[in-house]
Ligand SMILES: Nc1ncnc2c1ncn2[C@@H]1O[C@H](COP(=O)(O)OP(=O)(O)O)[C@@H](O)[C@H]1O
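Only one chain is included here, represented as structure tokens and corresponding to the form predicted alone.
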Amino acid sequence: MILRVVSLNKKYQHIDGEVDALKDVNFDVNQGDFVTITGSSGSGKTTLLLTLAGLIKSTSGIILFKDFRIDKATDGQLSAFRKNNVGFVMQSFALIPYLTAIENVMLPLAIFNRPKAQKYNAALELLQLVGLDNRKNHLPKELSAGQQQRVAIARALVNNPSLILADEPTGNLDPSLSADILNLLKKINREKKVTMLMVTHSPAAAEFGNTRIHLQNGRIDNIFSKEIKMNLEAVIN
């Protein structure tokens, strides 16, 4: 187990009263899982992802990453946790417009005391993985939307994370490009054994998860595991 969430709650204060963004959320994630999180707008998907990253403080409950209590950590501890363990892939790509593709990938390594050549080679290897080493010196505006998201994925991997949190990574892409990005994420998940948690509104994208969590009004409405389904089918047959 890499992640455990127990009785997680998040409340917001609003002019119209208290809002329960997350209500008694419980689930486990194993190393190497690909978890997709679905639900209607306002169901708590992004709030859950940001809370797991320690970017939003929970109101109550436990978030355990291996033996590290995210919910009890200080800001400094959370910063170190993200630096060493987590990669982020966002819907907006969030590339720096005046940096080249390889410079964008190298950016998270700026806080590490490593030789520049080592950082460059690590970034180049990841651009090769996502099929963009021939575009390493291109600015984001010189890349297609799909290529920009591939650069963002390479950047998310550069600190060698054990967990990638992706928020609607195909939300700005057409169906064909979406399929390319999802297949790339699945390849990384399988080959590098990186655990993925991906928020998506797309039923097709949700199918890429071996575990699927559906939220409704801040609560888990359903958890579907392909492994459990296969075990049940084996018993039935």
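Please read all numbers here as calculations on a predicted model, not as lab measurements. Quick note: we count residues from 1 along the sequence shown, nothing fancier.
Form predicted together with this ligand: not shown, discussed below.
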| item | value |
| --- | --- |
| Close approach of residue 212 to this ligand in the predicted bound form, 4.5 Å, heavy atom | no |
| Residue 61 within 4.5 Å of this ligand in the predicted bound form, heavy atoms | no |
| 4.5 Å heavy atom contact, residue 42 to this ligand in the predicted bound form | yes |
| Residue contact check: residue 14 to this ligand in the predicted bound form, 4.5 Å heavy atom | yes |
| Of 195, 36, 47, 178, the one that lies within 4.5 Å of this ligand in the predicted bound form (heavy atoms) | 47 |
